[in-house]
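Presented as structure tokens, the chain that follows is alone, the form predicted alone.
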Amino acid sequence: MRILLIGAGKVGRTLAENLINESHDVVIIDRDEEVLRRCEDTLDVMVISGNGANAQTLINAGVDQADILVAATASDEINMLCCLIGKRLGAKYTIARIRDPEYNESQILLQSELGIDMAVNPERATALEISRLLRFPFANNIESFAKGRVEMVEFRASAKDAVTGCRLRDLSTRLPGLPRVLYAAVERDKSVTIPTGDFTIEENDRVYVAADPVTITHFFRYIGRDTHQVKDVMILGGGRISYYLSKMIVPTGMHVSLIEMKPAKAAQLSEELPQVNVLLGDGTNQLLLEQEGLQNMDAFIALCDRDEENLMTGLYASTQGVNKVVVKNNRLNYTDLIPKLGLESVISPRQITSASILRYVRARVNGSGTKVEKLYRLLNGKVEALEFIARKGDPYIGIPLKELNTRANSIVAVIVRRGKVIVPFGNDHIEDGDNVIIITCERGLNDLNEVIRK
């Protein structure tokens, strides 16, 4: 597909890299000559210097031939204007990054009037991901599929877990009361495996399990994991993510203390979030954190602008015994280092936004076939979880899975049929309209027919 990308900042560049890896034709528009030079030197893209909201610039970039226009500049208003002009000039689909909370209530109207097919809010999406992590304090990552009916949870296996040290095929015999979940993927020593029945989970493995939310909760209780609800949360930094996160978790009964060092910003947040304990001060000051009861917190969320401050304060919170520590980090070169420091829950607004847009792009790659509805990158991008909706007439419909050929390094993880979640075995089959979740080590799969065949 031909994709026009306006704005080559952190999000734009990450998105461009992912799109290029999937063989899309990418054109980047930006006004910063140095940014364009770096993109041209390191990426296989066409670059155009100019204002993406200028009609002539868009025409020069071939907007009339663009399958998708993505506006990801630092300005919400410019992004919306780019989409409006781009759609009028012939772009088939448009995506805008819209971050300001003030646009939330009128977003549906804005999208309709301005011809925006998809609006992406990186901060709100990041806050939503953090709110999921607070549900299971021991989890490193939680993904949701089929409108919340299926959850996929990542955890680090310990010697005390009931499933550690036993072949997967023997678990039902050894642990007859163990709730039935799918063991979707395991990372061990940087190597990722989609496990079979002969696989044995070992201590320190990073394991993904999938099932409906109730079964997942019962599973972790059975294996001895503490699933108590988080009550007291400390948030470092008063940016938009903190605002959205507070709005999400306070109504659930969590008590939030938010530390912001800029007086004007702290005063604004105190007014906008009356139920939050907003504190004025430097959150990197260990004495201040101790005075405000860091040791008594159930969770600590580091959301400063600087990744280094998030990592250092997160490490300090971890040493003080905080059960759940989440840090924001956008630096990809830190990805392999952070787990070695003991920080498991790391979120990247840049990656979350890129993945969200990539899901939309994939869903429009083919005009036919059973297309991707959702896509998530797991285990640092080594595994993909894809959600499809099965279509009537596809050759795999009604045939037991054991009689189908499944692509190597892929597995049919979960089937959702009329609201019922099925962890499939060989005798199960797929019906028209089923939500089908696939786990695969391959990249770029766009059609369910590429995964399972007669």
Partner chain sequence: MNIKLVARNLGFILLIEAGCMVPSLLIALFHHEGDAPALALAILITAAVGLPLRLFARPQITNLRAREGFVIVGLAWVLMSVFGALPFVFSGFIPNFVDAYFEAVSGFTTTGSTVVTDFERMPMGIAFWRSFTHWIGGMGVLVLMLALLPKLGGRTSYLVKAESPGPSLSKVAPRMTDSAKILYVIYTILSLLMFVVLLLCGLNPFDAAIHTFGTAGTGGFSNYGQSISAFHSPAVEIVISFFMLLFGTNLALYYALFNGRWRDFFKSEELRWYLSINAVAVLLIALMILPEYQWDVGTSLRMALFNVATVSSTTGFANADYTLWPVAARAVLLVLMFCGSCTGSTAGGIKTMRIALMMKQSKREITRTYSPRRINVVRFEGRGVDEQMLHQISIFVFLYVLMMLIGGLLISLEGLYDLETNFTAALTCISNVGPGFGAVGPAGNFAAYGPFAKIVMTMLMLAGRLELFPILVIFHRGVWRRA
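Note that the structure is a prediction, hence the values are computed from the model and not measured. Residue numbers count along the first chain shown, from 1.
There is also a form predicted together with the partner chain; it is not shown, and the following applies to it.
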So in the predicted complex, does any heavy atom of N427 sit within 4.5 Å of the partner chain?
no
Does the partner chain get within 4.5 angstroms of any non-hydrogen atom of E40 in the predicted complex?
yes
If you check in the predicted complex, is A385 within 4.5 Å of the partner chain, heavy atoms only?
no
So in the predicted complex, does any heavy atom of C441 sit within 4.5 Å of the partner chain?
no
Between the options A390, I411, I68, V27, which residue brings a heavy atom to within 4.5 Å of the partner chain in the predicted complex?
V27
Only one of 28-36, 390-398, 403-411, 416-424 sits within 4.5 Å of the partner chain in the predicted complex by heavy atom distance, namely 28-36
Using a 4.5 Å cut-off on any heavy atom, which residues of 41-59 would contact the partner chain in the predicted complex?
D41, T42, L43, D44, V45, M46, S49
